[in-house]
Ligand code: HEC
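Given next, in structure tokens, is a single chain: the form predicted on its own.
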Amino acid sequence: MMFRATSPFSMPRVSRLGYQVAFACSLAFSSIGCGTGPQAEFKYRDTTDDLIGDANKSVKKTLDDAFGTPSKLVAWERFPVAYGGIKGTVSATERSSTAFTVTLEGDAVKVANGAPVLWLTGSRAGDKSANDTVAGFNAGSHQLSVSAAGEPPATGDRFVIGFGEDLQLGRAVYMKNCLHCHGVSGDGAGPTGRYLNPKPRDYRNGQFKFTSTKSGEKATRDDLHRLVKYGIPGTYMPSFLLLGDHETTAVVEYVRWLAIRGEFEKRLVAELASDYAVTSIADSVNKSESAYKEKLKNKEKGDDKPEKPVSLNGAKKAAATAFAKFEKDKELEAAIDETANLLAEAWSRAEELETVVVPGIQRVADTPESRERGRLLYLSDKTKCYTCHGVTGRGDGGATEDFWPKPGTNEKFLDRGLHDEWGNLLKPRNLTLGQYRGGRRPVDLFRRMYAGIKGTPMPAFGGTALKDAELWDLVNYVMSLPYQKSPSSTAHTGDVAKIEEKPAH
């Protein structure tokens, strides 16, 4: 297998997006990435395949250049992914082209003989492959020797030793433990995934349900570490506590990288779809033809005959001409750049402290009075928790019997009940079981209520609808539900009657 990495300094053309570093293929993966078995491949979205010819080819080339394939990974350094490796700078040069003094930004002990050296700047940076390797390193004098001859580096030249090793390890761990459910592309369409309910997560939206971050923000590394380590109760996502810390860290970075790749494709295609997707062009042609027929039908005697609309083939040819100009004028390059910047900022922001939901006050004491206040909030029109989770918290609210609209469309789902943004039927949590997929700590429930659950109808109440003290009351009530004597206790009777007199929505 091969590994490539993208220069962080410039991206004048997509074709210049990569460095390459070779690494050995483990026998364990011979059937899915190396050897004589079938090669693993990333899938393109259906929306990508719906683009007209040249637009389709350009998007796929962009993805291949920027992210590569499972057997030839690409690391675009613009994105905040810890690809692995120790960066350094030449601080003094010698007469020899193979020995020089360096300043390292990482642990010098990890500099091993044979590790690939990738030059980021200077005369040696012309080749995007790591052709140099460490021939020797003296930690005391910071003298680095490399195995290749050539023009000596200059003071200030930057390099990285062992670049991409963590992403390579993450891929190996993912292929062994995650592929069968989540798929090679992270689309949730692995060979086992089709038989599971709930469905495995599709990373390609760049969205994860159970996070510690505010509404609209990405998951943190800690969020993903927690999911990998402890799994998701009530689902087929198991705990991987037996993985070592290094392997867990590496697979988290690989999952983040897959999520970035998937969302990059989604957003870039969305930029192009209205003008260059076959379905969009066909829809526009159909509307023009309908309007043309309507004008013919209503044409008064003596009126000029309305202009006949262009055919579907003619519209496709016009779109192809427009896309060629779009690409020639570097508007595609600008769209690529803008999309990459947006994603880089979003994933970087997720690691900032102010993005994480931190309660403004300590947990309100879990007293009968607090639980009662929480119960009244749960049953109130302020939160309408009962509409989904049911009056007694068993996940049987009236919303589970409705036909809900598909997001962004006028169509409704064919099945009754709530759905997530991936289109999967969503059963509201039965709160009486005491099983919480996003974690069972009080702060985990606080965060679910404060920021909602991303990609689902579970709304965010924090900062607007409810104060922190009210959220804590609600947490105390919800956490008491598994221990209540009877779901039909007299404590609920009056409120149930009131609620049933009016519609749930």
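Not measured: the values here are computed from a predicted model. Quick note: we count residues from 1 along the sequence shown, nothing fancier.
Just so it is clear, the following notes concern the form predicted together with the ligand, a form of the same protein that is not shown.
Can you check 191 to 199, 152 to 160, 349 to 357, 317 to 325 and let me know which stretch has heavy atoms within 4.5 Å of the ligand in the predicted bound form?
It is 191 to 199 that comes within 4.5 Å of the partner.
The ligand: the contacting residue among Val251, Ile260, Leu73, Val146 in the predicted bound form [heavy atom, 4.5 Å]
So the residue touching the ligand in the predicted bound form, by this definition, is Val251.
Within 4.5 Å, heavy atoms only, which of Gln168, Ser185, Thr387, Thr220 is in contact with the ligand in the predicted bound form?
If I apply the 4.5 Å criterion carefully, the residue I get is Thr387.
Taking Phe208, Ile232 and Trp404 together, does each of them reach the ligand in the predicted bound form with some heavy atom inside 4.5 Å?
Every residue of the candidate spot has a heavy atom within 4.5 Å of the ligand in the predicted bound form.
Any non-hydrogen atom of Leu445 within 4.5 angstroms of the ligand in the predicted bound form
Leu445: contacts the ligand in the predicted bound form.
Does Ser480 make contact with the ligand in the predicted bound form, using a 4.5 Å heavy atom cut-off?
Because no heavy atom of Ser480 falls inside 4.5 Å of the ligand in the predicted bound form, the answer is no.
Heavy atom to heavy atom, is Tyr436 within 4.5 Å of the ligand in the predicted bound form?
Yes, Tyr436 lies within 4.5 Å of the ligand in the predicted bound form.
With a cut-off of 4.5 Å between heavy atoms, is Ala172 one of the residues that contacts the ligand in the predicted bound form?
Answer no; every heavy atom of Ala172 is more than 4.5 Å from the ligand in the predicted bound form.
Sequence-ordered residues of 213 to 227 touching the ligand in the predicted bound form, heavy atom within 4.5 Å:
In sequence order, Leu224, Leu227 come within 4.5 Å of the partner.
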